[in-house]
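One chain follows as structure tokens, the form predicted on its own.
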């Protein structure tokens, strides 16, 4: 290998190293914000660090983090899935109804049913996006209303209450293994599993490549259709899993369950450092974003601050995150142009 070739390869790694550095800095920024927020709130309201308060934060974060993990995969491929809230609601109502009619059904079956419902919804989304050649924003906006309408049509104004489902189904949300709630353990397994897939396996690298440049990914022989379906199936399946966790956590489920949840999920992903333009970000970052948003909501409630400020703060964080993504993209593009001019 010539010296010139070696130099070119060395230069090729620089933009990727910069992206990785920026992502790590974003994640450390979230951790720092969490520490400051928790410390400030605890000083003013010591009960914020009470065991019940911490448990509630972790349980609420777990459901949001599961959905954010799936959404992150889709956003990394330069798409979006606005139907996750409706899929959560459909899964929650379906599983709660099935558990109501089959009191002896094990929890594993409920989790499997939720995953299957979400996966089917993901296949529909992915197929419409790729084979219909329709933007994901339009497709998932449509399926968001379709899935929600299906749930409303089936529910017919009825709801499944906590006293109508099996005790073991409700206990699952509050049960723990070695002191760690099952919902939190499931969320950690999902984040670790999806994060490992995206970082260490070929399918993950291909999804990142699709987000960086779909055209170049196609020319490189990457199977765009298959990978698009995979991304949406992962997002849908995890939204379905989130529906089961939601039903177990809150007990009472109706057709409006999960309404508006998609906005929280998108916010968690973007605040967590996943670029809305695709190609960069981590699943761990999305999980941290979910934790930050949950802590903000809890802190504002404890400090008796109007919930309007939660929406304003989240909106500001989204704008800042998108602005940071664009700044990084411009700087990397400038760096690439300088490199090319010296080759």
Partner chain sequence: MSELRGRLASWDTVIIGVTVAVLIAATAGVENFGNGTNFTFLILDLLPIALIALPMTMIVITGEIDLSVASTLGLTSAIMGDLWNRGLTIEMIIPLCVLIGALLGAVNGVLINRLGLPSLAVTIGTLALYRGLALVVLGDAAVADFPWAFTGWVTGTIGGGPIPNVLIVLVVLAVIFGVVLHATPFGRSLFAIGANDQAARFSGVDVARTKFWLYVVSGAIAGLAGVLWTLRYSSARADNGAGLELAVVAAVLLGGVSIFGGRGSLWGVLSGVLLLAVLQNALRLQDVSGQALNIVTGVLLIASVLLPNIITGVRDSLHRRRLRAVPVKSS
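Positions refer to the first chain, counted from 1. Here the structure is a predicted model, which is why all the values come from computation and not from measurement.
In what follows, reference is made to the form predicted in complex with its partner chain, a form of this protein that is not presented.
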property	result
Residue 105: touches its partner chain in the model of the complex, heavy atom cutoff 4.5 angstroms	no
Its partner chain contact at residue 45 in the model of the complex, heavy atom, 4.5 Å	no
Residue 158: touches its partner chain in the model of the complex, heavy atom cutoff 4.5 angstroms	no
Residue 28: touches its partner chain in the model of the complex, heavy atom cutoff 4.5 angstroms	no
Partner-facing stretch of 220-228, 240-248, 183-191, 269-277, counted where any non-hydrogen atom is within 4.5 angstroms of its partner chain in the model of the complex	269-277
Listed residue that, although its partner chain is not shown, lies within 4.5 Å of it in the model of the complex (heavy atoms), from 113, 173, 128, 209	128
Residues within 4.5 Å of its partner chain in the model of the complex, restricted to 125-142 and counted by heavy atom	128, 132, 133, 134, 135, 137, 138, 139, 141, 142
